[in-house]
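Just so you know, structure 1 and structure 2 below are the same protein chain in two forms, each on its own as structure tokens.
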Structure 1
Amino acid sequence: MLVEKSKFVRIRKYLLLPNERAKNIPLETSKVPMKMWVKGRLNHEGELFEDVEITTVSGRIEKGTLKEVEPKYKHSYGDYVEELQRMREIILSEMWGEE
């Protein structure tokens, strides 16, 4: 799929390969590369899953593998945790009293 110049996209960039990772991290972690995802506008036409160059909203130039065109914003703070709700109640109670 050819993606035109200036389209808003998301790329994946490898920061550290497994052999470059620190030796004091868990074994499962050390077996996989450290990677990041960056959003920005394509500097040139590019193919999905090919290496491309983008300019981020802050003006940085980044290179990586084109993974998604016009990415959606997906936010999640995880599942509900009862203990966190109880901690919130305790903190607010101690700050402001029971009322």
Structure 2
Amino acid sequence: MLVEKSKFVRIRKYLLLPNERAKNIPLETSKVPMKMWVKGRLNHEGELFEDVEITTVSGRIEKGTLKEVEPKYKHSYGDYVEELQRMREIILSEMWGEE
């Protein structure tokens, strides 16, 4: 997918490969690369999942793999949690139940 210049995007960059990581960290952490994600405007036309250059909102230049165009927020209030409803009922019943 071709992405036009100046689009707001999210890129991913590898900061440290496993062999470059700090010493004395847990094995499961040291065997994976250290990655970074940052957003900004594309400095040129680019392809999704290819290497691109962006200017971040603070004005820095960063290079990395183009991961997402016009990135959206995906976090939410989560799924229904039965245990939470049960706690709510316990609290209300302990506090006001006898009245």
Partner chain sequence: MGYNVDDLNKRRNEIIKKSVGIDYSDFENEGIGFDYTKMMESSGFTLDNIFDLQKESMVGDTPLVELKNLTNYARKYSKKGYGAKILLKDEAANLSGSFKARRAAVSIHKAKELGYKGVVAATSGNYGAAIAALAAKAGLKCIILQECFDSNNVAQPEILEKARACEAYGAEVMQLSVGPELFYTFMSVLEETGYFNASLYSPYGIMGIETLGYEIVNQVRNKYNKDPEVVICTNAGGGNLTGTARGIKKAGALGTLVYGASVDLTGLHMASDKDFNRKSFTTGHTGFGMPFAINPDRSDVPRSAARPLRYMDKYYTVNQGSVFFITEALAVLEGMERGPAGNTSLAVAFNLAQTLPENQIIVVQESEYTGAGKHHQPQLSFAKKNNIKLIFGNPLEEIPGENIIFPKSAKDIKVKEVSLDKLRKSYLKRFKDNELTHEDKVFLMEELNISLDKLNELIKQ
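When a residue number appears, read it as a position in the sequence of structure 1, where counting begins at 1. Each form is matched to the other, and the largest set of C-alpha atoms that superpose within 1.5 Å is called the rigid core. Since this is a predicted model, take the numbers as computed values, not measurements.
Engineer: Quick check on the two chains I just loaded: which one is the form predicted on its own, 1 or 2?
Structural biologist: Of the two forms shown, it is structure 1 that corresponds to the form predicted on its own, while structure 2 does not.
Engineer: Align both forms on the core first, then report whether residue 89 has a C-alpha shift of 2 Å or more between structure 1 and structure 2.
Structural biologist: Yes, because once the rigid core is superposed, the C-alpha of residue 89 moves 2 Å or more between structure 1 and structure 2.
Engineer: Can you give the angle, in degrees, through which the smaller rigid part turns between structure 1 and structure 2?
Structural biologist: Rigid-part rotation, C-alpha based: 36 degrees.
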